[in-house]
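Here's a solo chain for you in structure tokens, the form predicted on its own.
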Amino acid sequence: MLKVTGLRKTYRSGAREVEALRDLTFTVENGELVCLVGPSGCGKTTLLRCIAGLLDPSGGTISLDGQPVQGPPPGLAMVFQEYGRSLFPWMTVRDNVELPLKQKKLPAARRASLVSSALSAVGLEGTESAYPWQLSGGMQQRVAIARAVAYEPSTLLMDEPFAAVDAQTRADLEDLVRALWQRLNVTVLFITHDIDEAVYLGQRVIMLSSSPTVVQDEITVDLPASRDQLHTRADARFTELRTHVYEQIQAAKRGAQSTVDS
């Protein structure tokens, strides 16, 4: 289980303080796919970096599988929004995917097997010798996902991973994530600014307020486990859930504006 309790984050610059996160509390059960959505600038990426152990919180606690997060935890992998910056352009696809496996000091044969399986899982067989710059944006993000999958994580954090790709590629990658999640039984916390994406992907959607951030609301997505881009998005229940999330995000924005006005 991923457990976030009373999480706070304040940035300091000289005498100036900016409160980004204020008393955030939520849990993600093992094997669950949860989406986090909120207004732009609400601190979604700050939250994810705290969970990943890349940023020290100002208060509160984060635990993963019962252990406090005090640095990058073992068994956790992260996929970033900017795939162009997360892949090394001078390394082949194979070498990019294999890199964290070398840090785990796995035997060469085991590394080769994991790389092959991960690239197959994301539909990139035959690209092992290519370089990232020779691939489309969607294919580059698949490489980043393959690298995370090859690491065999128990928890996968995804920070708006499809924001920089076109709509058609985005739909394909959304289906890929759900397929991998169901197949690997990995815990996924997926950050997005896209309300439709959050409802389509998640078992639950956690809505964040404007900064300083708290949990605005939370819903269970009671759509069928088997989803597709055409029929799921045309479902009346999908529309109801999407409308609810949209209303909460708009309420969060109005709350922020009221604070500014006052």
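As the structure is a computational prediction, the values presented were derived from the model and not from experiment. Numbers for residues come from their place in the sequence shown, where the first is 1.
Just so it is clear, the following notes concern the form predicted together with a small molecule, a form of the same protein that is not shown.
Proximity to the small molecule in the predicted bound form, defined as a heavy atom within 4.5 Å, holds among G41, G53, G59, P68 only for G41. Across the options 26-34, 195-203, 45-53, 226-234, residues that bring heavy atoms within 4.5 Å of the small molecule in the predicted bound form belong to 45-53. Residue contact check for N96: none of its heavy atoms lie within 4.5 Å of the small molecule in the predicted bound form.
In the predicted bound form, Q81 approaches the small molecule with a heavy atom inside 4.5 Å. Not displayed here, the small molecule is approached by Y11 to within 4.5 Å at the level of heavy atoms in the predicted bound form. Within 4.5 Å of some heavy atom of the small molecule in the predicted bound form lies at least one heavy atom of E160.
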